[in-house]
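Form predicted on its own, single chain, as structure tokens, below.
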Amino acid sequence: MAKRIAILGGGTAGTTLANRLARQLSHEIRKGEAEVLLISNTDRHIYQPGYLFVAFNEKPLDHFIRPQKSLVHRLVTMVYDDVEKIDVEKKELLSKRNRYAYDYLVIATGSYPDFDAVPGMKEITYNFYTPEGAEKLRDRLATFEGGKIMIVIDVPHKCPAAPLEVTLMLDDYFRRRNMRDKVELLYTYPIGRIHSLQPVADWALPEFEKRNIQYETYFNMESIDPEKKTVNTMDGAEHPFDLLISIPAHKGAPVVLNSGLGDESGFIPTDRYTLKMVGHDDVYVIGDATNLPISKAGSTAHYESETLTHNLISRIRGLPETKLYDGRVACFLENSLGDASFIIFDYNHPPKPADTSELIHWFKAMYNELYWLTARGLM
């Protein structure tokens, strides 16, 4: 009987892993000795980093969307279903219409923006963390005639560099439209520097000062007043704005919360090296679903999938699991609409931002087009 690897979640992490496994286990799958089952609750696959470029009208939203079926290897068993519970004791996944048994489970259910975490946030703020939000922000920026734009940040959130990037890109966006002198930019951050990674903060701060981008640290939201158009912080201050861009806190998927597998935010306790759910030898966690203190980003999922591909193939073939995830993350840092930097780091090596250049920006633009090869498990 075939050993079934069930992967729950069809985003970057789940799709990339399923395709890598199917390609490398093709012999076992064709002989009926293994099966790769990928379960997604949507038939659309979205390249989420594209939202940032939608907001600045660099590309339309549909440029970053593909049918899920067009990305999945023919040897993957693809199912569209809304799984409501994960039962790790009985080793099965339950939806309203089906039960899916598994031998090995990979939870790749991602994370979701929580616009209810701060009262008033969903009523008045703009964002670039959802498809609808990116298009709405694009249209608002196009008609903005001047005033104060605030960028407010709640934690934890995915793509940690994105708030810095959108701020630097806003500066360039309005300069190119000859109206930068009419726009006041105020970036806020909840800790004592402008990014959680000190080298990244050190990279961005001179740009802020050179380009007259204001910033305020230790800025922790308590509520937002849509009528007065103010952000109220925990120190009792009121901060007025004309346009508010929010980076909401993220939380784990409802199925994780409903199954009692995650922490209070719905992120699953995960071994930082083996990527196994703590206390469960046959359950793995990948991408945003983990509680690991590393970037929730596509590159993280990409590198994690390399580890899990190797170890799951070893288990199917009766070999020991020997590959460990080293915490590797890679990230472009957009400095404007025309230049960028780049960082790569892991558990033991902090990031060192590369010199900002137009060339790196174009590498990012190229990767935006090549991402679909990553999802197919080809790069």
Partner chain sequence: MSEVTKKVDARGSFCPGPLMELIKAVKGSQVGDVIEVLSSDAGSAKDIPEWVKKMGHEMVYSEKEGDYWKIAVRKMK
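Numbering follows the first chain given and starts at 1. Just so you know, these numbers come straight off a predicted model, no measurement behind them.
Although it is not shown, the form predicted in complex with its partner chain is what the next lines describe.
- In the predicted complex, its partner chain sits within 4.5 Å of a heavy atom belonging to P160.
- When contacts are judged by a 4.5 Å heavy atom cut-off, V283 does not count as touching its partner chain in the predicted complex.
- A residue is said to contact a partner when one of its heavy atoms sits within 4.5 Å of a partner heavy atom; G50 fails this definition for its partner chain in the predicted complex, lying far away.
- For H195, a non-hydrogen atom is located within 4.5 Å of its partner chain in the predicted complex, even though that partner is not displayed.
- Listed residues P254, G147, P293, P119 were compared with its partner chain in the predicted complex; P293 is the one with a heavy atom within 4.5 Å.
- For the candidate set D339, E28, D346, E321, a heavy atom within 4.5 Å of its partner chain in the predicted complex is found for exactly one residue, namely D346.
- Note that among 350-358, 311-319, 51-59, 38-46, the stretch whose heavy atoms approach its partner chain to within 4.5 Å in the predicted complex is 350-358.
- Although its partner chain is not shown here, in the predicted complex the stretch 76-91 places no heavy atom of any residue within 4.5 Å of it.
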